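Okay, so here's just one chain, in structure tokens, the form predicted alone.
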Amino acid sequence: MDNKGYIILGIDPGSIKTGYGLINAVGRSFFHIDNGLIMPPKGLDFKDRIGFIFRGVCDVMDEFKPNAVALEDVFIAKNAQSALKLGHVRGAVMSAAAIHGLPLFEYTPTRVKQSVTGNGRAEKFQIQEMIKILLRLKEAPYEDAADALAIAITHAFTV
């Protein structure tokens, strides 16, 4: 990392809403660039939702030119079908990173929560509030975008 910074794209994968957040890490400081949601239109077949998410992630990568991608790692889901769908979304993100030649790093939800709030069992609203404070935002981002920013910040703490 140099004094120009290191742009990190954090991704919180989901088949209905995939959150993304970009930060610029400069030394031990980090700055908000952008955040948002990639939301496939309702009614799309699952394969088409995956394609929509893939293209959306590629668009973000093309626009912001990150140096690295940080992705939420798989967690144990109560529902096997949900875990399988999440795996497909993660595969789309990994493929986007691969074709853009970007290194990809994975962090568990517990590690992200611990890193950002100091509590590995933090609630969504706690993450949102800490992101608001850490990035000096006027308001807290939507929860999936806040999670993505938290994933990016977790990576910034490790580089």
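All values derive from a computational prediction rather than experimental measurement. So that there is no doubt, residue numbering starts at 1 and follows the sequence shown.
In what follows, reference is made to the form predicted together with another copy of the chain, a form of this protein that is not presented.
Heavy atoms of residue 60 never reach within 4.5 Å of another copy of the chain in the model of the complex, leaving it off the interface. Of the heavy atoms in residue 50, some are within 4.5 Å of another copy of the chain in the model of the complex. Residue 104 belongs to the set of residues with a heavy atom inside 4.5 Å of another copy of the chain in the model of the complex. Under a 4.5 angstroms non-hydrogen atom cutoff, another copy of the chain in the model of the complex lacks residue 120 among its neighbouring residues. Only one listed stretch (110 to 118, 125 to 133, 88 to 96, 35 to 43) carries heavy atoms within 4.5 Å of another copy of the chain in the model of the complex, and that stretch is 88 to 96.
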